[in-house]
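First, one chain by itself: the form predicted on its own, in structure tokens.
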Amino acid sequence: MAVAGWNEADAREIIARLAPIEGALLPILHALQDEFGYVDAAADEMIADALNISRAEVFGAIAFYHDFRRAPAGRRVVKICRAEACQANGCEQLITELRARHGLAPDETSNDRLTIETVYCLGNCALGPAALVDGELVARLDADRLAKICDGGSIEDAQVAAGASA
């Protein structure tokens, strides 16, 4: 991910380059997100015009797919699984603890340092609760390891600790 600051000229070039391909909306959105770290609202009209679709269709795709962002994410992105298996293994208690002890909450906490998001299934059901931290899977989370991760702690330490708790 390049993650440059938003630049309208660069966005227009990406849109123009990808617009001719069939089903270009998602490739364009992914390319913008890869380049800038998010899809700026200013891109909606540019994409709609290039693809001859409504701005509502562009907005709908961005709103539907949870991986698209409207603002830059923090340096650390924590995606906490809240699917049934992780719920059965205590993810809701982790989230309650994270909010109570640290004032952090999924889908509410995002700043230049940290973004916490909800996801529904990371495919690691037997080792829940689980999270994806900066793209790395961390299993068997507990409140202390999750807090350390949110404070910038090592992903590798959290993964090793998960194996030790097995």
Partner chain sequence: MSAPVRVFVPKDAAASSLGADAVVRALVAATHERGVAVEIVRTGSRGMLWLEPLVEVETAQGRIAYGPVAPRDVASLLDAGLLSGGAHRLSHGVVDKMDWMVRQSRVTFARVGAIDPLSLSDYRAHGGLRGLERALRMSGADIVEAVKQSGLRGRGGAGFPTGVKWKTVLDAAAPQKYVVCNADEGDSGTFADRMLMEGDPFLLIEGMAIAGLAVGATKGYVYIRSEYPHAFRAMSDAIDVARKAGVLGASVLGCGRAFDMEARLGAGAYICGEETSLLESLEGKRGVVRAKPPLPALEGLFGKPTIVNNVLSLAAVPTIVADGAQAYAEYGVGRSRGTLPFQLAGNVKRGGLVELAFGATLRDVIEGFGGGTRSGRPIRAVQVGGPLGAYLPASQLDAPLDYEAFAAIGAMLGHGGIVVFDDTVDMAAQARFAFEFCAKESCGKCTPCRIGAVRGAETVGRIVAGIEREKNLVVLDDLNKLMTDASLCAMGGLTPMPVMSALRHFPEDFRRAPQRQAAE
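Since the structure is predicted, the reported quantities are computational estimates derived from the model, not experimental observations. Residue numbers count along the first chain shown, from 1.
We do not show the form predicted together with the partner chain, though everything after this point is about it.
When contacts are defined as a non-hydrogen atom within 4.5 Å, none of Asp49, Ile95 and Asp112 contacts the partner chain in the predicted bound form. Put simply, Glu156 is close to the partner chain in the predicted bound form: some heavy atom of it is within 4.5 Å. In the predicted bound form, at least one heavy atom of Val138 sits within 4.5 Å of a heavy atom of the partner chain. Contact check for Ile15: no non-hydrogen atom falls within 4.5 Å of the partner chain in the predicted bound form. At least one heavy atom of Ala88 is located within 4.5 Å of the partner chain in the predicted bound form. For the candidate set Ala42, Ala100, Cys125, Ala105, a heavy atom within 4.5 Å of the partner chain in the predicted bound form is found for exactly one residue, namely Cys125. Contacts with the partner chain in the predicted bound form, taken as any heavy atom within 4.5 Å, map within 35-65 to Gly60, Ala61, Phe64, Tyr65.
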